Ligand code: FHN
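A single chain comes next, written as C-alpha cells; it is the form predicted alone.
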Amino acid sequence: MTRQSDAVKWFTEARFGMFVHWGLYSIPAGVWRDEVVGGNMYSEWIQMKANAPHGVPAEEYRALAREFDPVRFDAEAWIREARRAGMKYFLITAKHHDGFALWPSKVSWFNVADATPFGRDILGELRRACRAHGVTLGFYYSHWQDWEHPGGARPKGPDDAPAFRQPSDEAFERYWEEKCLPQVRELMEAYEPAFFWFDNWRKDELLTPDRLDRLIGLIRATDARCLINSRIGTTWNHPDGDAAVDYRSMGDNSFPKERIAEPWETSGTMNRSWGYHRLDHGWKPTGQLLRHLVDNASRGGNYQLNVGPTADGHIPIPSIRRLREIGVWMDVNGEAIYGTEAGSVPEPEWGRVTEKRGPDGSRTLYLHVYDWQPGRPLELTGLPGRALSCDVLETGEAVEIQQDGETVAIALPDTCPDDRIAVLRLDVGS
C-alpha cells in the first residue's frame, strides 16, 4: 500500500461501516415482467440479467428514471440507523454499473436531478447528515462498467447479444475522458469523500495502467487524504499491484481465514442481493453477521455491511432489526472492536482475539467466545507477557485465571452474558 499508516488510521480504527446499494434497480426489485432475477440474486444487475440472454433494452431500463420518486428517503434516518448500529462510516453507490448518478451531475443527463421527478441531491443530503452525526462518508463509483455510455465496459455475455458487446479501446477512452474522470472530479470537489470504493473483479485490457494512474492521480491531486481501494483494478491490471492504492477490498462476501498486515475490508450482504430484491428472503441471522465482524477485526480487517433500501427510500424491516441488534451488541462490546489490532496470539478454536497495545508494552486482549461452556476452562496459548487480570466486558465480573508459561487457563463463569458472542477482557503486562 502506498500510504503511511497514519493516512488510513481512521479506517482501520473504525472497523465497521454501512454499505448501501440503491438506484433505479430498486424499482423492479429483482423482478422484470414477471421474470425473477435468480442465480446469485443480485437485483442491481437486472438490466443485464433479465430478458436472458439479451438483457433489458437500454431505452426500457432508462425509462425507470421517470418512476424514481423515493418520497420516504430521509438521509437523517439512514445515518441515525448506521450510528445506532455502531457503524463509523457510510458508503453508497453514487453510480452503479447502470450509469445512473445519485447527484446532479453536469457530466451526464442520466442523474437524479435531470432524469427523475424526485430531483433532489441525494448525496448532498447524506453528506450533511453524515457531518451532523460524525459519520465518515465514502462513495462507490462504477468506473469500469457503465451500461449507459456507449464506451463503458460491459459484462461478459453472449457474443451475439448487443448488450454484452465490449467497446473498442477508442470508445472506452472517450468514456474515460467524457464521463468517468469528470464525474469523479465532481464527486471529489462537491462532496469531499474520505474514500472511494471502485469495482473491478478481473483482468481487462481496457483498464490500462495509464488509465488507472490518471484516475488515481486525479484523486490524489484533488485531496491527498482520500483513500482508494484495490478493486479500482490494481490487483489484476497494474504493474504495482495493490501497492498503488490504500486498502484491499476482498471479493463479495469473502472472509479471509488468515491475518493480513495491510488495511483491508470485506463487504457483505444481509441476505443475497445487494440492491433490494423483493423475493430474496435469505436473511442471515444477526449472530452470523456479528461473527463476520469479529472474524475480520481479529484478522486485521474491516466489515462493511450492506443495506438495500426500497424504491421509495426506506430501509427494510429485516435490515432494521439486524442493524439494531448489532448496535446493542456494539454498545456493550464496541471497546473490543474499535481501534483494535489483529490478535497476536494463535487463533483459538473457541473464538477469536482482538487486542490493544499500551505505550508501556502492556496489552489488553479481548477474547470473543463463540463456544461458552461453563466449568470448562478456556486455554489461550502464546501469551506475550504475564496475565494480570480478566473480567467479563459487559458486567465487569472478575474471572479466575491461571498461567503456565505462555499458556493461560481462564475459568468461565456459570452464566454466559451473550449466547451469540460473549467477550472477556484480559490484561497482560509487558
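In this text the structure is predicted, and so the values were computed from the model without any measurement. The first residue of the shown sequence is 1; numbering continues from there.
The same protein also exists as the form predicted together with this ligand; that form is not shown, yet it is the one meant from here on.
Inset, instruction - Let me know the one among 366, 61, 42, 68 whose heavy atoms come within 4.5 Å of this ligand in the predicted bound form, would you? - result: The option sitting close enough to the partner is 42.
Inset, instruction - Work out which of 197, 303, 78, 89 lies within 4.5 Å of this ligand in the predicted bound form, going by heavy atoms. - result: Going through each option in turn, the one that passes is 197.
Legend entry - residue 97: touches this ligand in the predicted bound form, heavy atom cutoff 4.5 angstroms: Yes, contact at 4.5 Å.
Inset, instruction - Could you confirm whether residue 21 comes within 4.5 Å of this ligand in the predicted bound form, counting heavy atoms only? - result: Taking the distances in the predicted bound form, the answer for residue 21 is yes, it comes within 4.5 Å of this ligand.
Inset, instruction - May I ask you to state whether residue 276 is within 4.5 Å of this ligand in the predicted bound form, using heavy atom distances? - result: No, residue 276 stays farther than 4.5 Å from this ligand in the predicted bound form.
Legend entry - Partner contact for residue 109 in the predicted bound form: this ligand, 4.5 angstroms, heavy atom: Answer no; every heavy atom of residue 109 is more than 4.5 Å from this ligand in the predicted bound form.
Inset, instruction - Would you mind picking out the stretch of 308-316, 157-165, 185-193, 198-206 that comes within 4.5 angstroms of this ligand in the predicted bound form, counting non-hydrogen atoms? - result: Looking at the partner contacts, the answer comes out as 198-206.
Legend entry - Within 4.5 Å of this ligand in the predicted bound form, all of 140, 231 and 252 (non-hydrogen atom): Each of the three qualifies.
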